[in-house]
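Only one chain is given next, in structure tokens, and it is the form predicted alone.
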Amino acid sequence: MPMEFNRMKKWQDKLHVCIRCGYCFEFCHIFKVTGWESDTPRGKLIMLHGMMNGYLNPSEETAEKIFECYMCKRCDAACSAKVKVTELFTDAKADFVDAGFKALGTVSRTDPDKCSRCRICILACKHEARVYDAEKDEIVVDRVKCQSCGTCVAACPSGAAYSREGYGLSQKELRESVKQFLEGVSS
């Protein structure tokens, strides 16, 4: 799939500023769960650099990696080269969306069968990533604006808003983690 890097072009020089030190991945939730270099901010920057310079073709898999970020900005704070990693990822996500990629990553979702259309998630979203589409009668999530913070998930009274499981941060996974901890304490 051909891809224009309209937003990413402004970051071309910043991709070279990253010194590949690895400080960013020490704080990355996703890397701590998966252990894959491609899940680290450094790994994602290397992929973006490769795509922009023609060494790597954009694909659904690379798009998915870029969208797998909780936008906690701990990599930004840890970056000794002061690369604005999460801003760079936001622009990359927008370019992937413009190119027609369907990646969801850690972006929040809405189960339309559970959703009561109360719009509490819209009011709770401080990133303005959720809107009500009256024509479709559904809550729509802007994949670029969503910061994967989980506020919509916590605010949704019907449990329709949810985040991808597998990174230890969903309500189900957190409950299980607390349960295992408490069982270990009582033993």
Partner chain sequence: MILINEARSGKGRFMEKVNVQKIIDIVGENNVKSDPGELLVYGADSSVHEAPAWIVVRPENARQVQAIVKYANAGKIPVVTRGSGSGMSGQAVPVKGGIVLDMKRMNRILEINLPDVYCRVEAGVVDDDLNRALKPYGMFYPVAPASSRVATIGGEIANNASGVRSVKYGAVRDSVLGMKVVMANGDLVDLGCLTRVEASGYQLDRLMVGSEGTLGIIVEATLKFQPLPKFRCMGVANFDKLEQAGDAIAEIMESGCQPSLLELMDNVAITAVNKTMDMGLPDVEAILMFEADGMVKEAVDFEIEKMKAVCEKHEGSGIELSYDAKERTRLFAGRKKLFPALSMYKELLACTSLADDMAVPYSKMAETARKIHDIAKKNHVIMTAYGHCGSGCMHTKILMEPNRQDQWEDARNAVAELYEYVNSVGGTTSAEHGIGLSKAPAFKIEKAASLPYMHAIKKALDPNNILNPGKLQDAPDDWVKATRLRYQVN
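Values in this document were obtained by computation on a predicted structure and should not be read as measured data. Positions refer to the first chain, counted from 1.
The protein also exists as the form predicted together with its partner chain; that form is not presented, and the subsequent description refers to it.
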query: Joint contact, 25, 47 and 82 to its partner chain in the predicted bound form, by non-hydrogen atom at 4.5 Å; finding: yes
query: is_contact(residue 35, its partner chain) in the predicted bound form, heavy atom dist at most 4.5 Å; finding: yes
query: 4.5 Å heavy atom contact, residue 176 to its partner chain in the predicted bound form; finding: no
query: 4.5 Å heavy atom contact, residue 130 and its partner chain in the predicted bound form; finding: no
query: is_contact(residue 9, its partner chain) in the predicted bound form, heavy atom dist at most 4.5 Å; finding: no
query: Stretch in contact in the predicted bound form with its partner chain, which is absent here, among 50 to 58, 118 to 126, 135 to 143, 154 to 162 (heavy atoms within 4.5 Å); finding: 50 to 58
query: Residues of stretch 5 to 21 in contact with its partner chain in the predicted bound form (4.5 Å, non-hydrogen atom); finding: 13, 14, 15, 16, 17, 18, 19, 20, 21
